[in-house]
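There is one chain below, alone, in structure tokens, taken in the form predicted on its own.
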Amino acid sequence: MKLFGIAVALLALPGLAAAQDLTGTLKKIKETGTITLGHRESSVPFSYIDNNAKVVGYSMDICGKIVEAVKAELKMDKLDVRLLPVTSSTRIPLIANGTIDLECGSTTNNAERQKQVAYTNTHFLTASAFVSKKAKNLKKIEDLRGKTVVSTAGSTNMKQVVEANAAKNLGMTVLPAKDHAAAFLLVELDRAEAFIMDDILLAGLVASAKDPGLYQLSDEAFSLPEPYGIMLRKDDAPFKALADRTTAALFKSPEGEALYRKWFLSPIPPNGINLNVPLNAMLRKMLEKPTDSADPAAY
């Protein structure tokens, strides 16, 4: 009876009770002392490797805030952060099977993906466009008729271009690439006429090219502007609630706009390029009224 009384008393202590109550990702992080972030290698300016072999980007900074919040929530003096590169094809499986805890990249939040994973509040909006060499004079989707094009395997863009190809009977040859850098290289080498991808990622690739003046983005898009979100596991309400509180507070604070200016309106590594993408009305609303909605019309 004495031992039982001691056990009850111990469970009544706030710290121990909290540890006992943890579930899902927070429990895993507490027990292992580690949080694993999935990152991209060439998704400028969201998640990429700079010239010092360091993983940087807008999404990485947002994930950093979530990591800080997790550490504070779990009252941990030390929290090891493990970085694991992911691709468009591997990111969802690695979230779903528990290999990574947050996917800090350039991942579109849509209803189909929400059947497998969850997202925290949207941090960017982008439409699916294409980049090509100016000399080829390709500006609209119809201009791609009969051409060889490329998109990144496992991306929503690949699905959109395949669907458009069939619906419009464009007769395009659609090549898959393992990542954005490999896809852009095919355009550089004239092995593909155009690369279909999110317009902001294309802008980053063009700005980073050896001769940016050779390339242009299309005048027409394959989609309405769609939301990007930090991905996390589905049906993990406590962890999602923490991520949502953290990102909402960040976006609505002066720090949120400062973070946007850092990555979209200032020189960024590795070459000091400036994407010069101002906060338009849709992007400003996104920051002022955070939401994890997958519906483009919500923005």
Partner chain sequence: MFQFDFDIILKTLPYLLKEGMVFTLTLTALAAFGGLVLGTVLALMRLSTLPGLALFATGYVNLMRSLPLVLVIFWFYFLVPYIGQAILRTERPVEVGAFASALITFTLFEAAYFSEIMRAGIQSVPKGQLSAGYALGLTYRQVMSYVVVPQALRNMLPVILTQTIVLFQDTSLVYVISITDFLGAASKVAQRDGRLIEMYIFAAFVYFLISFLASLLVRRLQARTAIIR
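Residue numbers count along the first chain shown, from 1. Please read all numbers here as calculations on a predicted model, not as lab measurements.
Although not depicted, the form predicted in complex with its partner chain is the subject of the following passage.
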item: Triplet 72, 282 and 290 all within 4.5 Å of its partner chain in the model of the complex via a heavy atom; value: no
item: Partner-contacting position among 65, 27, 262, 252 - heavy atom within 4.5 Å of its partner chain in the model of the complex; value: 27
item: Interface residue in the model of the complex among 207, 214, 96, 217, criterion: non-hydrogen atom within 4.5 angstroms of its partner chain; value: 96
item: Among 174-182, 122-130, 222-230, 195-203, the region lying within 4.5 Å of its partner chain in the model of the complex by heavy atom distance; value: 174-182
item: Proximity of residue 36 to its partner chain in the model of the complex, heavy atoms at 4.5 Å; value: yes
item: Distance check, residue 82 to its partner chain in the model of the complex, heavy atom within 4.5 Å; value: yes
item: Touches its partner chain in the model of the complex: residue 51 (any heavy atom, 4.5 Å); value: yes
item: Close approach of residue 189 to its partner chain in the model of the complex, 4.5 Å, heavy atom; value: yes
